[in-house]
Each structure stands twice: as structure tokens, then as C-alpha cells.
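Given as C-alpha cells, the chain that follows is alone and in the form predicted on its own.
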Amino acid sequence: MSVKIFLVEDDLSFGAVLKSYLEINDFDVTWVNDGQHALSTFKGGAFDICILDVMLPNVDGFTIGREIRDINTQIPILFLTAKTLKEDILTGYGIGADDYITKPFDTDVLIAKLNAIVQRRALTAVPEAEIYAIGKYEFNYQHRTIILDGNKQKLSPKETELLKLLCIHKNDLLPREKALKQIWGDDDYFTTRSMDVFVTKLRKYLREDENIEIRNIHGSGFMLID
């Protein structure tokens, strides 16, 4: 399958040429030319790598990079810019950029960098766990069930995703904002209240094991204690 690129570049001529060049090299490219629409487009798709121009109208590339990082902590981000200031480069890497390319650049070098990112991720990819142990319980992510002594509790899709995040962060903090944006796509008042309801449900499902606790870390998030 083609690697899906999320490209944000406001220069229409350069963006069109870059999109075409990437597609010639077998990348699947979604191109946005205005930072204001970048995040909604990112949320509406499934991408493997982000290429973000820094100097954009309305919303700059660094801001978009931070917002993407809040939603997806793993997706590679490559900043594309005419800026060569040390502070800007450090800002890009501080956000979690995988690379930082200054204009003008050799397109073959860009392709080589993208292929290197793809290869690194392929080598480090770990199969996602399908079954998690939570105290006396067995949580089957694929089947969306919690099992205790042969008794199954079926979970809703959002309950499943929330419990999975808690398991991934077991005995550590799951930031409230991360869960809200990753599962609900927003962190407004209503989604926050909705998440609290789902946490209450999960506590009820896990109540038979007194060593299990979903602790509310005030103002920060939740922690699954096992």
C-alpha cells in the first residue's frame, strides 16, 4: 500500500509540483494550502507522514505540528521552510519533528528522507497487543470484551478505546486531553463530561478486583492502577 502523505504548503505552484513529484514516487498525497483547514483535514484522514510548511496563512506550521502531536504522538512530522534560524530549527525538533528541510532543497534528498522514515518505522513497528491483563481480568481489544472467571462484559467502541489507552499507560498518567482528542476528536466541555461517564462505566466493570483502580488525577487525567 502507498505511504499516505499529509502535505501542508501555501505556495500553489510549489505545492502542486511537490504533490506531483511525490505521487510520481508512489506516495499518496493529500495537499492543503491553508493552515486554517489543516487540522480538520488531518482529523478526517489516515496518514503515515506529515510534511508541514512553517510559514502559512492564518495558522503556522509549528502550531499545526503541536496540534497533530496532541492527536497522534507517533506520526512522523517533517517541517519544510525557508527559515534557517537556529531557534526555528530547535522549535521544530522540540515539537517532535523527525526532520527539518530548508528551501530550496533537492527533491531527491526529500524522497530519500521520506524513504528512511518509512524504513525506520517498519523496522521498529511492534504488533499491537490484542489482549491485556488487568488484575484478574482479561481485556480482549479485538473482541471488545472484559472477561473474569468466564463471564464476559461486552464494551462499546469508545469504552474499548478508552480502556486500551488506560492499559497502554497502566500505572502511569493518561492525560485527559490526549484521550479526548484521540477518541472523541475534541476536548470541549461536552466531550469531557462524556469521557467522565465512560470512566465511571469502566470502574463498574472492573469493580470485582479490589486491586484495580482508575484514579482521577485532578486537573491532569486518569491512571489505571494495577
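Here the structure is a predicted model, which is why all the values come from computation and not from measurement. Only the largest set of C-alpha atoms that superpose within 1.5 Å between the two forms is called the rigid core. Numbering starts at 1 and runs along the sequence shown.
From this point on, the text means the form predicted in complex with the DNA, which you will not see here.
Student: In the predicted bound form, does each of 156, 176 and 196 have a heavy atom within 4.5 Å of the DNA?
Tutor: Each of the three qualifies.
Student: Among 58 to 66, 176 to 184, 37 to 45, 22 to 30, which stretch sits within 4.5 Å of the DNA in the predicted bound form, heavy atoms only?
Tutor: Stretch 176 to 184 is the one.
Student: I'd like to know whether residue 200 contacts the DNA in the predicted bound form, with contact meaning heavy atoms within 4.5 angstroms.
Tutor: Looking in the predicted bound form, residue contacts with the DNA include residue 200, since a heavy atom lies within 4.5 Å.
Student: Is it the case that residue 217, even though its partner is missing from this view, gets within 4.5 Å of the DNA in the predicted bound form, heavy atoms only?
Tutor: Within the cut-off, so yes.
Student: Contact between residue 113 and the DNA in the predicted bound form at 4.5 Å, heavy atoms?
Tutor: So residue 113 does not count as contacting the DNA.
Student: What residues, if any, in 140 to 154 have a non-hydrogen atom within 4.5 angstroms of the DNA in the predicted bound form?
Tutor: Counting only heavy atoms within 4.5 Å of the DNA in the predicted bound form, the single contacting residue of 140 to 154 is 144.
Student: Comparing between the shown form and the other one on the rigid core: C-alpha of residue 213 shifted by 2 Å or more?
Tutor: Yes; that C-alpha moves by at least 2 Å between the shown form and the other one.
Student: Is the shift of residue 195 between the shown form and the other one large enough to count as movement, that is, does its C-alpha move by 2 Å or more after the core is superposed?
Tutor: Yes, its C-alpha moves 2 Å or more.
Student: Return yes or no for residue 48: a CA shift of at least 2 Å between the shown form and the other one, with the rigid core superposed?
Tutor: For residue 48, whose C-alpha is compared between the shown form and the other one after core superposition, the shift is less than 2 Å.
Student: What direction does the residue 220-residue 69 Cα distance move in the predicted bound form compared with the shown chain, closer or farther, given a change of 3 Å or more?
Tutor: Relative to the displayed form, residue 220 and residue 69 move farther apart in the predicted bound form - a change of at least 3 Å between their C-alphas.
Student: Knowing the shift is 3 Å or more, I'd like to know if the C-alpha atoms of residue 65 and residue 220 are closer or farther apart in the predicted bound form than in the shown chain.
Tutor: Compared with this form, residue 65 and residue 220 lie farther apart in the predicted bound form.
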